[in-house]
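Next up is one chain by itself, shown in structure tokens, the form predicted on its own.
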Amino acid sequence: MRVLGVDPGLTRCGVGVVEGVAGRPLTMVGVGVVRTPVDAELGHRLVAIEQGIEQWLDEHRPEFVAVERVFSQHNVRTVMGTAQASAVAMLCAARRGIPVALHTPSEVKAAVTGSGRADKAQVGAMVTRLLRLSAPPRPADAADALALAICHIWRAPAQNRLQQAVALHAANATKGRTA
């Protein structure tokens, strides 16, 4: 399974591609950051993010895109920018028919470090260890994007089984039976 992880942001949008399956060693295929100038008009920044993500999709051909779920922060302006960058990433994937999964920051931290309250340094250290890298990816947005991809690879099999069970239950319920 090849997953593009996206840590959305208007100034720095982390991107990272990981390949592998749960239970086996994972491989980093690529990591980077799509940057936009702080002083540029919002529309131009979103187009730059779209172009950057499209390049990553063209070059790495992921089977899935995992995006950090936007959560409520105290700074509304930051939340808006993150949500807008997140929407661009989802749009790029959807346009190509690539499935998108959203993962919360605490879900990603728990999957990668064992604690949903891990700090950036702990996430970076575990990403480095799990992908057998010589140093943590910089900036932290890049490491977070890889962590998102790892989280999705590890969680996707269980999520797929759960979705199948829910769909089966719903199908049986419409036929008047319960599972």
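The structure displayed is predicted, hence computed values, not measured ones. The numbering used is simple: start at 1 and walk along the sequence shown.
We do not show the form predicted together with a further copy of the same chain, though everything after this point is about it.
Within 4.5 Å of a further copy of the same chain in the model of the complex, a heavy atom is found for all three of 80, 83 and 90. Although the partner is absent here, residue 129 is not a contact residue: none of its heavy atoms lies within 4.5 angstroms of a further copy of the same chain in the model of the complex.
Within this chain, residue 117 is remote from the site of a further copy of the same chain in the model of the complex, having no heavy atom within 4.5 Å. Looking at residue 138, you'd find every heavy atom of it more than 4.5 angstroms from a further copy of the same chain in the model of the complex. Among heavy atoms of residue 47, some come within 4.5 Å of a further copy of the same chain in the model of the complex. This chain is displayed alone, yet in the model of the complex one of 29, 57, 70, 142 has a heavy atom within 4.5 Å of a further copy of the same chain; that residue is 70. This chain is displayed without a further copy of the same chain, yet in the model of the complex the stretch 47-55 from 47-55, 31-39, 117-125, 130-138 comes within 4.5 Å of it by heavy atoms.
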